[in-house]
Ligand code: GUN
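Quick heads-up: it's one chain on its own, the form predicted alone, in structure tokens.
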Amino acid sequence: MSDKIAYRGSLFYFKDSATIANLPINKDKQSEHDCQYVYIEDGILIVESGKIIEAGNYADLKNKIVDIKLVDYKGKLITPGFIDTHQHASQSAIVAAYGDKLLEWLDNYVFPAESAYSDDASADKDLNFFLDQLVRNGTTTAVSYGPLFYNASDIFFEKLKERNMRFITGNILMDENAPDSLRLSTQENYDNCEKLISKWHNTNRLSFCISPRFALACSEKMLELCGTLKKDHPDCYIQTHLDENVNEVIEVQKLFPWSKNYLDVYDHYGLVTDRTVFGHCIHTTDAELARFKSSGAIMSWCPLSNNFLGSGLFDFGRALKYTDRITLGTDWGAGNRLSMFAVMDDAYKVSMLNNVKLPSMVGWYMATFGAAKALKLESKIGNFAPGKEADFIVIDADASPYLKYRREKVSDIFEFLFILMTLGSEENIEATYIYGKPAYINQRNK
């Protein structure tokens, strides 16, 4: 029996050919030949066995759906799920911790909270909560730091497998400058990675991510072993932090006096690749930016946490002169929202403070198809091209009174996306679908 289902609503997604450079910034500055997105006011999305079969106008496709189930989201927006490229799965218990900068915040809040993951029951409870909130916010894929402990990371992978999520994660690595409760030997950190890679990498929709916390938490031997892991498993991803905090940059220079800059520490051990995601990148030098350009490494801009910890303002305009592999992350933990609406909102405001305008199309691109492309997943997720995996969300702009009122004054998709990214919240997520199956249905009116 076929499990083909049709979903009716407004459709929005980017074409495979879209890039930051060729996106139109408003309705007056585009022509039909350079339109890099698809917006259908009354559309149909047809899904079967977890894959996109077809997307198009209801008027053109209505005869094709006579004998299949129709889910009616008319008046709502159906769009690919959000992709969050920087978050900490094990930090839900310390979100909105008051009053510290990065290094003090780690000592006072993060390390004690992450130590609780040595207990499997606590890990199970926290990780379930985290994933429930993630899909409630419309995020279907993420690059995420898993727990330090092997059992807790194994539990996390198991939960992701059960939910059939396309996810990139790995156990966080640290063997220096950590409390005893989080101090594993260099070899134990490495061995845990090898076991998790063997068990989980490329299983279902999961990818393993080599995850040194940051240079200050890793010995040179640990960084060397991270490089060895990458050589032995070249299709694994890498994630770490870079140039987040001024004091952090100074301490890295003291700890690695031979380095030319912060990025050079990672580069020395073969960790700067086109599958490496660097969180923050606020205080980058020109030399570091040039290395982003030559390596194809990925930036994850995390305005929520940068603002919350007072770390600084990411200069999007400057970074864009060197690379377009710029994505967005909540940095859940220091970031106090799991909503990519909130991330886009703060990204816009930070850009304005830097005298750069962030068009709505660019913000949405970085949160969806642009992230898929940066992560080399564009053949699998990120838009509604036939054959791609059916990870999508339904957005109800009318779920919040002011957004509903504001929407009545909107005349085009550019402005509509802008009010969603600046006024939207989890309240506006009507449904989240993972591989064609409902992972979250808003019970507001049920």
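No experiment lies behind these values; they were computed from the predicted model shown. The numbering used is simple: start at 1 and walk along the sequence shown.
Here the subject shifts to the form predicted in complex with the ligand, a form of this protein not shown in this document.
Just checking whether Phe314 would be counted as a contact of the ligand in the predicted complex - the rule being heavy atoms within 4.5 angstroms. Taking the distances in the predicted complex, the answer for Phe314 is no, it never comes within 4.5 Å of the ligand.
Applying a 4.5 Å heavy atom distance criterion, does Trp105 contact the ligand in the predicted complex? Yes, Trp105 is a contact residue.
Though only this chain appears here, would Leu309 touch the ligand in the predicted complex if you measure heavy atom gaps against 4.5 Å? Answer yes; at least one heavy atom of Leu309 falls within 4.5 Å of the ligand in the predicted complex.
State yes or no: in the predicted complex, is some non-hydrogen atom of Arg213 no more than 4.5 angstroms from a non-hydrogen atom of the ligand? Yes, Arg213 sits close enough to the ligand in the predicted complex that at least one of its heavy atoms falls within 4.5 Å.
Please identify, from 177-185, 342-350, 301-309, 224-232, the stretch that has a heavy atom within 4.5 Å of the ligand in the predicted complex. Flagged stretch: 301-309.
Among Arg166, His241, Lys373, Arg291, which has at least one heavy atom within 4.5 Å of the ligand in the predicted complex? Result of the distance check: His241.
Heavy atom within 4.5 Å of the ligand in the predicted complex - the one residue of Lys76, His88, Arg337, Arg325 that qualifies: Flagged contact: His88.
Using the arrangement in the predicted complex, list in sequence order the residues of 274-292 with any heavy atom within 4.5 angstroms of the ligand. Just His280.
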